[in-house]
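Okay, here we've got a single chain as structure tokens, the form predicted alone, with questions on binding and movement later.
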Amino acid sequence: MTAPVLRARFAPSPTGFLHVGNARLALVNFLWARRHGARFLLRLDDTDAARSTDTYAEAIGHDLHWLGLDWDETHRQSARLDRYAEAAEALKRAGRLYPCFESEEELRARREQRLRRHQAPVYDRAMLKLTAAQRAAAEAGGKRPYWRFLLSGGAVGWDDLVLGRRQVKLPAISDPVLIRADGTPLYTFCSVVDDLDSGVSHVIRGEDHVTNTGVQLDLLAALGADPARLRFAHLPLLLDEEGEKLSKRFDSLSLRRLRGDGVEPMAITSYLARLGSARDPVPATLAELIADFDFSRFSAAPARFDMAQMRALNRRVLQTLDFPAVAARLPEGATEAFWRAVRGNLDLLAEARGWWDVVAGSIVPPVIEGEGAFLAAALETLPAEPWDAKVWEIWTEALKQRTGRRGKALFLPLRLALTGEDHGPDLRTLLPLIGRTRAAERLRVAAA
């Protein structure tokens, strides 16, 4: 007998651009699948026709490819509405899906009443008592029912691959709405039907879905499937540097924004792959991350996404990139010599623009108070061209002999005058790129 095919899936809704939270889930699903020879599915949860767009769907695929991820199958929930209707009818026949007519105002009033009585604000299942005549009267009056799933009693448990043993007490949860009044099936329902039909074996998602997992295991059983066929791994939530939910910053941490800022895909995948583990992230290829992947390395505690830490990792990645890997994204005219000179001083590739202005533009350095005489001497000793890699040493040695300066007192005024910055790339490599004409003009301005 052949072993069953393992399958994992990443199921974003195409209602916006991917952010680092989405990317982490996509990456972990991909790494697990490739590590275990499983198939990796991309499923677009696009039943929300009002908010889902093809533009976002295409952007999701583009972002995943940019990260280096690929997948074996693509599914769209919008193409499976007939299947959801079929599954819903089966649940209705089994008495597990029942119609409801309460308005939001009525439900809110009931919740408030239960809270005043010190009762849990759980749906009271009043609509289960609805007679056929009462339902007919409601529909004759223009009301259309939405449909709730009748949860079983007791508790549902599973051995989570990250969190360990978990249990959800179903009586503490309101019967979930699976079908809206307009007939639209909701996530809780569609996800279970899709996982069942597509043969998903492992569901890897965020810890915020733990309660959903209890509900969906009950729903799987109601659809005639064995809940034990699914394994679950819930990754702890991502927090920001202050310990707040990262969701509040998703707009600023979209992959599109990070890509525009010059964050490298290797930095993102290397960082997210180890986020939530005890190990420090280091630059790594996807092949290396796949070979290293293991759920046992993840902590059950929330993970903190630190942009400063990812920027530091991005700096290390940039230092490893050769000129052909970045040439198309550098300012027009940038050379390999320029890239080699500046790559060790960039947190983000976008910062190369500033250094290109330094070597090829017309920056105006600050006037350096009290350094006029020194800078005038620097101008007088500035070597004639042509310049090579030794010009910086020749010039500063001559200036040292003339002024008696050394160390910071010698180098800092020169750096400020030539670049407008008090730190940056090694001037041994930068000065020949700046050239004598620009260097002389900047010394004159800074000495004024």
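Throughout, we count residues from 1 along the sequence that is shown. Note that the structure is predicted; figures quoted are calculated from it, not measured.
Note that the form predicted in complex with a small molecule isn't included here; everything after this is about it.
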ask   = At the 4.5 Å heavy atom threshold, is Y187 in contact with the small molecule in the predicted bound form?
value = yes
query = At the 4.5 Å heavy atom threshold, is T429 in contact with the small molecule in the predicted bound form?
reply = no
Partner proximity in the predicted bound form: P425 to the small molecule, non-hydrogen atom cutoff 4.5 Å = no
inquiry  = Test of understanding: in the predicted bound form, would A439 fall inside 4.5 Å of the small molecule by heavy atoms?
reply    = no
note = Note: exactly one of H209, R343, R311, R259 sits with a heavy atom within 4.5 Å of the small molecule in the predicted bound form, namely H209
key: Interface segment, criterion being heavy atoms within 4.5 Å of the small molecule in the predicted bound form, picked from 328 to 336, 300 to 308, 163 to 171, 187 to 195   = 187 to 195
